[in-house]
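Below, in structure tokens: the form predicted alone, a single chain.
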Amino acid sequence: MLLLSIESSCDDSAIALTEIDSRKLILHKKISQEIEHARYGGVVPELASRLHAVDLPKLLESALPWFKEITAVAVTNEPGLAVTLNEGVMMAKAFATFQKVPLIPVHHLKGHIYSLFIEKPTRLPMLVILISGGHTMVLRVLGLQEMEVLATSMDDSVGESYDKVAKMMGLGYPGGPIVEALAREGDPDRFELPVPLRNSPLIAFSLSGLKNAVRLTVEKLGGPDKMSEQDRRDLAAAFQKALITHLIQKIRKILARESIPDVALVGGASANLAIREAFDSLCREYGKRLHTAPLEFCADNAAMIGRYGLDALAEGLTCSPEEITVSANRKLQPGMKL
């Protein structure tokens, strides 16, 4: 018996097949839209939706040999871009109706948490640091339906900040890997950038001020066209240093008060090796174990949606095609349940 999973929350079309009993990943395919969106410097929702409409059927065709073995379908239905979520949900509803199998709606952020458990047993409780293109938050995860937000961003997410900084410096999209690569070759002490909320007791994240400081520095250097390669490397390193310092300062306060020994770092931006190294050091300081997903499963993918779907299916969290709905982004605040 197999679980089909579908992901289309933003700019990646993906499907996966997972064995329900063994958790073995049978098929995992993904089509990225990065090239198409790069010319605009970011994701264009309507373009993303049209590309999903073309790419998802192609991906589903690759699962054709296993159709008769599929006994359930998991699909991302929130949060994300409504126009792209709809593409995946419509496919899932059509498949479930035709094959007469149950549907499992999956919260995208819960999928990122379950990227830790692809082809592995579930290991909870955990404190989860989720950093991605659209979200920056810390959660206390006790179980499948027990996930509480402890801290979140007041403005830009980590991934969004990398993209915007890359754009300011005249670099490509997506900005995360480009800025990270430049930062490895730069001097982080050449430019003095502010660490957000350094003197505030507030346990929250804010990157808009740091992003603005980068913009002002670019202007002082004469704009992106006048910057040398060394300017870009040094500014990237300074930005990344300030960002990581900010994250560590705030999350340190959470680790100090929480007794859960296992900590996880998930989401697309968790693929950044400098961020991983900083959190590994922080966790060792507090005697906690850091868990990360394999690099291939940090960014949006259908395997993580399927892995959450397995536990949801075991607990009977299914619905009919008529019952599933799409929800776009809603602002999460500390104390709220995921």
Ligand code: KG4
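Numbers for residues come from their place in the sequence shown, where the first is 1. The structure presented is a predicted model; accordingly, all values stated were derived computationally and were not measured.
Form predicted in complex with the ligand: not shown, discussed below.
Taking the ligand in the predicted complex as the reference, which of 176, 196, 105, 188 has a non-hydrogen atom within 4.5 Å?
That would be 176.
Between 163, 87, 78, 156, only one gets a heavy atom within 4.5 angstroms of the ligand in the predicted complex; which residue is that?
Selected residue: 163.
One stretch from 266-274, 280-288, 307-315, 61-69 that, in the predicted complex, holds residues within 4.5 Å of the ligand by heavy atom:
Selected stretch: 266-274.
Any of the heavy atoms of residue 217 lying within 4.5 Å of the ligand in the predicted complex?
The answer is no: residue 217 has no heavy atom within 4.5 Å of the ligand.
Though only this chain appears here, would residue 299 touch the ligand in the predicted complex if you measure heavy atom gaps against 4.5 Å?
Result yes; residue 299 sits at the interface with the ligand in the predicted complex.
Taking the ligand as it sits in the predicted complex, is residue 180 near enough to touch it, meaning that at least one heavy atom pair lies within 4.5 angstroms?
So residue 180 counts as contacting the ligand.
May I ask you to state whether residue 132 is within 4.5 Å of the ligand in the predicted complex, using heavy atom distances?
Yes, residue 132 sits close enough to the ligand in the predicted complex that at least one of its heavy atoms falls within 4.5 Å.
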